[in-house]
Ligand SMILES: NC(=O)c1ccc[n+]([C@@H]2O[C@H](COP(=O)([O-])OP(=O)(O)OC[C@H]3O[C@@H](n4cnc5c(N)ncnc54)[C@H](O)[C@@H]3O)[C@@H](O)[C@H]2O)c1
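Single chain ahead, by itself, as structure tokens, in the form predicted on its own.
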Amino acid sequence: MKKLRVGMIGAGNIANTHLERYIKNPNVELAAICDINEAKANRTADKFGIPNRYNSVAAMLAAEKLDAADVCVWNCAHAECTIAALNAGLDVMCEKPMAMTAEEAQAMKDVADKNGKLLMLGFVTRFSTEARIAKDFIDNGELGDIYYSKATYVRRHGNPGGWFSDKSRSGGGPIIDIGVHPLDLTRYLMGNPKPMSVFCVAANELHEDRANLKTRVGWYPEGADPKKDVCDVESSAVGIIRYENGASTLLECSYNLHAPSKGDNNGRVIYGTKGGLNIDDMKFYTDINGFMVDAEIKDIKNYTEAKDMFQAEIDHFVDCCLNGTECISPAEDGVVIMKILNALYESAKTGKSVDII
């Protein structure tokens, strides 16, 4: 089988996470990498045995004969880098969030369509074992008609600082960074209903206090200093998304919140007319013989489709590129999620409900 020649755009943390999976796929050749930080590009290239290194996307695309690109850069550069790669005739994996705005996201999709190329979004939680089992339950009708979900990703003290807390580069804080994961996954499992409106309240009360804590909790990008970095993003937010089919999702996310210390407090729950499913602890809630029953789904590690979610994501992208397999994380879903994210921020800013057109 022909190997997929991949060029990595970006050399930071998520790029390294993807590269660790690419090298495990026998159908991939890691041909090149680029990053505006040449030292970082060289370190990452040395680590993964990538032969060709560049300090710009343009230079890499001009010099290399590639089949695909993986975009893992600051959110503000997603659209520019993705469009350049698509126009060079490459299939593209773009890390979430798709872009800074829905308009940028739509432009990316339009370019992919015009060039007849694949644009896949890095909604990695769709590829988790828990999500696969949840979809199996839903597809078999165990939950009935789904009408409500909870999408929670709460950090007690987890503002990464660096570019993550600089709105000009990130587009926002926990809503666009970590809230997007449960928001996308719940919508995906609900059958990707069309969003109609959102209402959101956001706070930025704790960033300064938390920067002075004596313990460092959470992950920080290279060079980040939470005491000195620009921090103009929200610290926490709660929102409600209403869909065209009458269903709704409650979103709760935070970088800093006086919440219980249980690591990252995830909570992704799907509610249907026949049962509810907590995707994090794999518990199913229903009624049997007139009694309320809680059932725990056992031994998920031995589920026949179990796989590290990043490996499953990268393997799926490679399969789509080489074999034309239908993508389960397409650009159109990224555009819709960007519309929701933009509306959440607009609602938080105005204090009013925002319709999504």
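The numbering used is simple: start at 1 and walk along the sequence shown. Keep in mind that this is a model prediction, so the values were computed, not measured.
There is also a form predicted in complex with this ligand; it is not shown, and the following applies to it.
Within 4.5 Å of some heavy atom of this ligand in the model of the complex lies at least one heavy atom of V124. Taking the partner from elsewhere, V57 is found to have a heavy atom lying within 4.5 Å of this ligand in the model of the complex. Using a 4.5 angstroms threshold between heavy atoms, T325 stays clear of this ligand in the model of the complex. When contacts are judged by a 4.5 Å heavy atom cut-off, K109 does not count as touching this ligand in the model of the complex. Contact with this ligand in the model of the complex, defined as a heavy atom within 4.5 Å, is made by none of S128, Y188 and I270. Stretch 73 to 81 is the answer when you ask which of 73 to 81, 232 to 240, 245 to 253, 196 to 204 has residues with heavy atoms within 4.5 Å of this ligand in the model of the complex. Put simply, of W163, F284, F137, Y147 only one has a heavy atom within 4.5 Å of this ligand in the model of the complex, and it is W163.
Residues E95, K96, P97 are the members of 91 to 114 with a non-hydrogen atom no more than 4.5 angstroms from this ligand in the model of the complex.
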